[in-house]
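The data below hold one chain only, encoded as structure tokens and taken in the form predicted alone.
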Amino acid sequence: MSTAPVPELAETATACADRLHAAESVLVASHIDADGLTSAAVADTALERAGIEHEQVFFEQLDAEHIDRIAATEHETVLFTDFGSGQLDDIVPHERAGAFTPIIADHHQPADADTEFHLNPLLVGLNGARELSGAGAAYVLARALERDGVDNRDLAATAVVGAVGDMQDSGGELHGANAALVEEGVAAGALAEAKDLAVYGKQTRPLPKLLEYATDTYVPGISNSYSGAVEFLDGLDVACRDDDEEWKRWVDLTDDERQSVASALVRHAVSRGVPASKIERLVATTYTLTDEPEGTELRDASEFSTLLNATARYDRADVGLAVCLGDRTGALETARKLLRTHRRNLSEGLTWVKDNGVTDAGNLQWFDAGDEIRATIVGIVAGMSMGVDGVDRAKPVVAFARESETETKVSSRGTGALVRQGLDLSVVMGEASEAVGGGGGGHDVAAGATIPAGEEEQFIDRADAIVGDQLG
């Protein structure tokens, strides 16, 4: 085996890999978001190449009941990907009882319990919210699983999709341990990285839609304005339409044409008073999956991750996994249908937020969507809402949606700038939910919780106070 991609994790990864090679069969249990699906795909492919018999299961949340069900299976070895660390207090008793041996490849905050085969960047001083995702941890394990000439470096491309899906590139590029994964993916010919316009949809969206929805750096007169985007593009000395007068996509433009559009966009932003610090964020590093066809959502890591999230949010993790594993027929078409539904629901959710507004609590802002927005997508809508009028990007957003008659789903989103000022939504969600009889966690820039229905106001009071302490 060649040099380990993340040296700090090499020893633990080798121990985990040796234990997997010794197993008669393995149950792989994974989370269902983009990072979870890609971590499952990396693990599945690596186990397949290693000749290790395995099965796959998915859970939206791993709780004590799910772990009880896992313990009741015939499998003596269970590999948890993109969760497991935070549930160690429920996993370890089963391990001690001899139900199964857990192997964990995760990046979330560990619970207060110990287990032998625990691969997590946080345990070696790496940042699990920024430097390595769940798919990244699974990739480190996949590299350690290599035997007899097997080379798993091509799986770095899948791991990068997971990292991007987990918003680990929110600073404009992947860094830390993630950068080592990118380097290996590029060396394997599975990945390319380049500086480009930092907008979503470069492979698939018509140019006006591309710019209309580009709200991470808000450009007055273009962002959230289709007519404004059309007027801007029509004013350029660039052929933005094809011979049939249909709008081109970003991927259809030549390098010189892209440079012309990007430069004009920067000039427009300057003329409309956008600060230099924000204009710099119009350009970022993009990650291209070189084996995928140009002009498809599978070629761009960001678009691929959104496709996967669409399958997960509508209870079709099996479809997302199949796409990750190379199914380009039935599963891909199903995923695209789910993505269309997903986009429609996100658009309707964002419209609801625009129409109903948010409530300013002082240090944070919040909205309660009730049954109007699905609990599985309310967090994404919360993140998107930070680009609309009436929502302050200088404060985190907290969103509620009805989970059931007795429970409310809470999602929160911040920005990289807020995190740099001290915001940690994982702490906010964890402590505020615990104070009202619920539970939660996640990452500094995005986190979630589940609380008893009726405790929303008390939760906001507690969360607002914690955010106030963090941001001073």
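Predicted, not measured: the structure shown is a model, and the values here were computed from it. Note that residue numbering begins at 1 and tracks the sequence as displayed.
Same protein, other form: the form predicted in complex with a small molecule, not shown, and the subject of what follows.
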item	value
Contact stretch among 234-242, 172-180, 197-205, 324-332 - heavy atom within 4.5 Å of the small molecule in the predicted bound form	197-205
Any non-hydrogen atom of G379 within 4.5 angstroms of the small molecule in the predicted bound form	yes
Distance check, T306 to the small molecule in the predicted bound form, heavy atom within 4.5 Å	yes
Touches the small molecule in the predicted bound form: V428 (any heavy atom, 4.5 Å)	no
The small molecule contact in the predicted bound form: R299, any heavy atom under 4.5 Å	no
Listed residue (P396, G165, G185, G320) with a non-hydrogen atom within 4.5 angstroms of the small molecule in the predicted bound form	G165
Option touching the small molecule, based on a heavy atom within 4.5 Å in the predicted bound form, out of H75, H108, R153, H118	H108
